[in-house]
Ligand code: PEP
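Okay, here we've got a single chain as structure tokens, the form predicted alone, with questions on binding and movement later.
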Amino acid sequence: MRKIVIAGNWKMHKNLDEVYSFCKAIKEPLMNKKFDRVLPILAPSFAFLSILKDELQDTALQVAAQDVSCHNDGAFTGEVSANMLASLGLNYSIVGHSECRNHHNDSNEVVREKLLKLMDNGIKPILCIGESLAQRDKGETGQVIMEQLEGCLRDVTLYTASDLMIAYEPIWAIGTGRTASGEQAQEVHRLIRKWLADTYKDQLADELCILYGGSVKPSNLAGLLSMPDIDGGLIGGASLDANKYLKMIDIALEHSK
């Protein structure tokens, strides 16, 4: 049975004091919960990866990076390699987020290279895909999703479902307060799972976690989790608040029973 993933992406938020305060607020509650089918993840900025990992090492929470370089090493000022992330003991990294595609011009080919670097270093990629509002309004959602899957996973071998997570994030719902309805999100998640079955195998498609991202919060999480192909959330703004993050974990725990 697939896990329910509550993954918080902090983007460029929180300073050092705020990171320590957040860790203090969630550490004890996390230690008092049983996480049989629920996986909590937080992705802070690169500056605070080690701090989160150290502060929450006695909990079930996993720390993830928000991005990775497509280069192994060299004269690439400001970039962080997969080997560096692996040396911190990280097991997860987001890749292909729409903001990286937009601000850093990450093409599907660049995302593929980053994904391969992560996998070569034993880090599970959380691959983000999603369409813009203009593409959705033109009825191009399915085409865009297929192009991103085929481009980012071209000739990428997946041995088991544990090699990858996918996060469907409609760009028009990120940070806007607008959320795809459970039915809208489920339609795309089902499409992704079918592509995985056709490209790889049925068992892998059945077992691979597909997250929804786009203004996920405590008030809409339960409805999203009620959909058969939605396995959790890649959560932005709501994950910055310790109480909301813990509330979403509680919702996931209740749903997992």
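Note that residue numbering follows the sequence shown and begins at 1. Since the model is a prediction, treat every value here as computed from it, not as a measurement.
Just so it is clear, the following notes concern the form predicted together with this ligand, a form of the same protein that is not shown.
Residue A173 is the only one of L116, A173, C100, L164 with a heavy atom lying within 4.5 Å of this ligand in the model of the complex. Among G232, G214, P44, P40, the residue placing a heavy atom within 4.5 Å of this ligand in the model of the complex is G214. Stretch-level contact analysis of 186 to 194, 219 to 227, 206 to 214, 50 to 58 against this ligand in the model of the complex, using heavy atoms and a 4.5 Å limit, identifies 206 to 214. Although the partner is absent here, K247 sits far enough away that none of its heavy atoms falls within 4.5 Å of this ligand in the model of the complex. In the model of the complex, this ligand stays beyond 4.5 Å of every heavy atom belonging to K14.
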